[in-house]
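Only one chain is shown below, in structure tokens, and it's the form predicted on its own.
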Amino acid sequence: MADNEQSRAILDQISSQIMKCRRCPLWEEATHGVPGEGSLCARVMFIGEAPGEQEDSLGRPFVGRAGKVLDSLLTGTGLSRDAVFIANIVKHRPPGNRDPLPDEVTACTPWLEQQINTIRPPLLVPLGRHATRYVLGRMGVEFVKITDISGTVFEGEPFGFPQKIIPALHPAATLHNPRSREHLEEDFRRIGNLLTEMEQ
């Protein structure tokens, strides 16, 4: 219990610092910082790209249309939002939902690293190409298209302790291309299967 209390205190402090963060210009047009949320004991952490309009408005990750897709995928995998941790590469919304710039990623990812090292989830699921490029880049793994490697299990120590990584398509992909839903569901089946194996 003491460890959980200490971890909660650390995460709360990180969240407070994110709300006041001025390391890059993204905060200037944002309504709220979006630190992330979930279980201190999460076996799996999902990492998205950046907050969107709804996330910026509410200060919570994946609460818009893509969030509804993610919720349904979690349910299909036997998981709930309460049991996982959900965060993003950058913690403030880029204007117009544009892609995060390299300097913004560099400025913001130390917050994510602190969250990962506090929770220490054995499984990371980067959602989409930006999150996947960041996580796998720490292991020296390069790729061209997210669809080429999504659902593939990688093992390494990108944050200084052993983890498994399964990249997946970003749930927002299904909003632009409904045919990607089947691909994303297969990614999440593999996530569910791997979690089952890890428990045995």
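The first residue of the shown sequence is 1; numbering continues from there. Predicted model only: the values in this text are computed from it and were never measured.
The same protein also has a form predicted in complex with a small molecule, omitted here; what follows describes it.
Candidate site formed by Ala50, Phe62 and His170: every one of these residues places a non-hydrogen atom within 4.5 angstroms of the small molecule in the predicted complex. The chain is drawn here without the small molecule; in the predicted complex, the stretch among 161-169, 132-140, 52-60, 148-156 whose residues come within 4.5 Å of it by any heavy atom is 52-60. When contacts are judged by a 4.5 Å heavy atom cut-off, Asn88 counts as touching the small molecule in the predicted complex. The closest heavy atom approach of Val69 to the small molecule in the predicted complex falls outside 4.5 Å.
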